[in-house]
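Presented below, as structure tokens, is a lone chain in the form predicted alone.
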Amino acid sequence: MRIEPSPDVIGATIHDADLTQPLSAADFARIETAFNARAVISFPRQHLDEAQLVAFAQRFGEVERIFLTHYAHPRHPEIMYVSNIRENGRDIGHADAGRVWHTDMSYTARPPRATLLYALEVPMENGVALGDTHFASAADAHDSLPAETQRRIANLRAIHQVAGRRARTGTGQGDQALRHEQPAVIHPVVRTHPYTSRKCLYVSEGECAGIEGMAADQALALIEELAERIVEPPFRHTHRWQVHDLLMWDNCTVQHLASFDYRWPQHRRLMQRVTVGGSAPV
């Protein structure tokens, strides 16, 4: 097993790891250390069935079931399909996942530690893979802020609501009834990573509807300012997909954004997504 860090501030590729087989404690420790340090790691050329995918995810913690149950695998409810494929007039998976910069499920009381995405079909055009996924380091973005700004935001708390400002972006419209069932939660604007203790900005324009004790216009302006800092080019990393890639990312350290340079039915995209439970942000 060989770990190759990317030249970016985040990202690494782990070569020659066979995730169809149980990992030794030593090999898993190397993978987990790389994950905590690099935040986004990819495993190329994996050939996983659903049980193997879930079993690998469980090494990182308890695997969750998400509220969009109509996109769940029929025999493995821990797996959600992310896909643009339509059957019988409906999407078989979450088709517009990732249209805005965000960190997964920040609108829950205990957002997931990790998200895993396994590529079964990748859209192609003229031999070129489409549908890149972009990541940005909220930890490096925080470190880049002036000390005065870090002090000013250190104890602020943001209101996260999946059916709030996200609805105004036009994403997830087909799931609004389910989204409105999710209550708003409050998390620190700056959270401490549970494994590395790094400080990470924890706001996004998609889910953050306000900041406790702050006027709405001031809160939204600050959220926008911090969200734009997170996604600045020096803090980014892009994953270019190949079939049978397994990609996983740290939802405390990074935000992500999907590319939608493909369309149904000319291009097919089919992914299996698993989320690993995390801790309440502090």
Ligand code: OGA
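The shown structure was predicted, so the numbers you read here are calculated from the model rather than taken from an experiment. We number the residues from 1 along the sequence you see.
One more form of this protein should be noted, the form predicted together with the ligand, which is absent from this view; the next part is about it.
Annotated contact segment (heavy atom within 4.5 Å of the ligand in the predicted complex): 91-99, selected among 148-156, 121-129, 91-99, 70-78.
The ligand is not shown here, but in the predicted complex it comes within 4.5 Å of a heavy atom of residue 249. Taking the partner from elsewhere, residue 258 is found to have a heavy atom lying within 4.5 Å of the ligand in the predicted complex. Proximity of residue 82 to the ligand in the predicted complex: non-hydrogen atoms within 4.5 Å are present. By the criterion of a heavy atom within 4.5 Å, residue 133 is counted among the residues contacting the ligand in the predicted complex. Only one of the listed residues (190, 117, 209, 139) places a non-hydrogen atom within 4.5 angstroms of the ligand in the predicted complex, and that residue is 117. The candidate site formed by 32, 38 and 236 is entirely out of contact with the ligand in the predicted complex, as no residue has a non-hydrogen atom within 4.5 angstroms of it.
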